[in-house]
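To begin, one chain is listed below as structure tokens, in the form predicted on its own.
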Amino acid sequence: MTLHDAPAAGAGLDVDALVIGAGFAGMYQLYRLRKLGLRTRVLDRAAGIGGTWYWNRYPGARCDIPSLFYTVSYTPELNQKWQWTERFGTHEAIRAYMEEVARQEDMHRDISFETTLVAADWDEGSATWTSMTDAGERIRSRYLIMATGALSESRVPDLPGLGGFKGRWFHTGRWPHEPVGFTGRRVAVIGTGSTGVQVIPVVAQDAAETIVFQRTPKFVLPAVNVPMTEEDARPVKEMYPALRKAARRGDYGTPFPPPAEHLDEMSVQDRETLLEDLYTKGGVGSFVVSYHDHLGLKKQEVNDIVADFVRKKIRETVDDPATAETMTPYGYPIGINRIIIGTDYYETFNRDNVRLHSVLDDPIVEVTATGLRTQNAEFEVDDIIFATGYDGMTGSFTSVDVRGRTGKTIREYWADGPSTYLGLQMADFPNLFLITGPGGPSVLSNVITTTEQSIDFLMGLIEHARADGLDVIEADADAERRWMEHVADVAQGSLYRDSYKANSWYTGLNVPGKKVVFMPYAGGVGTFETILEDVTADDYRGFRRSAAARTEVVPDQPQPAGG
């Protein structure tokens, strides 16, 4: 039985566009759809604005993009007035900014919070999507837009015995909203990726004991987070329009130019002096986030120089040589995971109340009533923090029963690895659009830049089609295939081809049973911008457009205020 055959449950609400997600992507999508005059409704399972920032409230949670560049383009007056107090914003500061954007744009009236999309079905006859929520409501829309984010499906490892643990346990991606204290408690932190690196130093300040369970050692660079005054911010704010244009042309979606230095051609003394200076300023990562041929994502020699420098800094920082060696990454290039920046991460392991356990050497076997048991030891703890990440890039799409023209779900369509055209759409899924999906630059950049980049293109496509009386848009299967071949070729032309060696979530290796393939587009935001411009100029090459049956979509009743 399809959703169209199912008995009606609750009041249906027909709209032009149904958007899933009220984070940065969903908010901008709502803003742009309104500008096109399309009646829009947004659903979000959270109780408020924020997307990933609504859920990620763990101690130490911050963005890894400087605050001044982690802002939206469509509220210029607010951006001039808004005062960021630190170089890298906390989750509280980012969420407050997002809430003010939503308030200023009166977004809440079109958002239904605490509402989850559980299924959606394409009807060929009416060329509409019928979506079902967890409350049993059916919503018919012309367009269905998944603005669900690349990092929203949190993963808790399938450890035997977790249900019998008598203490508290948390996942960083689903942190409680009420304060959580760790004073005097014994805490296990599982995971040393981006979230683990942020949470461990903060928890260790209060906990009686912090045991860190590490799988793959990571390269961690200093964030160099510093206070910021309005005087500091003013020069940047005055240049916002030019800087935003530059960000759309930059490899990483930020306006910072790549380093001009050829590290492999410098004397050892000169490059050590340069790297030491950049390390203290938080700039070493610039050598492994750009795709210029002389930098470390393309040139192995340069990557080796940067990686060896960071390994040296780990040994200089961590007092215990054995601990330092366990924390030192080998066997994969630096930068093929998203660059991790932290504050006092390595220094934290010099504390008497912090110890490291290598899961590679001694795997966790089960959770007991009082803690964790590995193959060779037992650890009694009061709390367990899972900093174990997400089913990245695909999980938020495959977790919903969305069925296209052939009846296949997205999960079934991606059985051999994710496939999209430009990270935006799939053949056989008409009028279904993915924001920052696999096949786009998304997670290899400032996500606000790539979010706005993709949505701007998508809105131009919809507007162009509607001007011609065409309301059905679908990716051409051959165009999708050729694009994914290009995505794979570009990854192979960089050191991202070795991402699997680092168990990078870019490849899906962190999810048991998931097809291992490098998912994002590694050509850079600026190159992607040029590609989108070329596709647009060529009459939106690769997208098929057609007319739907001329049946008006009329609301059954006045649209209720969300939230």
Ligand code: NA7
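We number the residues from 1 along the sequence you see. Bear in mind that the values here come from a model prediction, so they are computed numbers and not experimental data.
From this point on, the text means the form predicted in complex with the named molecule, which you will not see here.
Taking the partner from the other structure, the named molecule in the predicted bound form has no heavy atom within 4.5 Å of any heavy atom of T530. Interface residue remark: W505 is counted as part of the site for the named molecule in the predicted bound form, having a heavy atom within 4.5 Å. The named molecule in the predicted bound form comes within 4.5 Å of a heavy atom belonging to V359. Taking the partner from the other structure, the named molecule in the predicted bound form has no heavy atom within 4.5 Å of any heavy atom of T374. This chain is displayed alone, yet in the predicted bound form one of G389, P259, G167, G395 has a heavy atom within 4.5 Å of the named molecule; that residue is G389.
Only one of S290, N225, T254, T216 comes within 4.5 Å of the named molecule in the predicted bound form through a heavy atom, and that residue is T216. Of the candidate stretches 519 to 527, 40 to 48, 532 to 540, 497 to 505, only 497 to 505 contains residues with a heavy atom within 4.5 Å of the named molecule in the predicted bound form. Of all the residues from 173 to 212, those having a non-hydrogen atom no more than 4.5 Å from the named molecule in the predicted bound form are I190, G191, T192, G193, S194, T195, G196.
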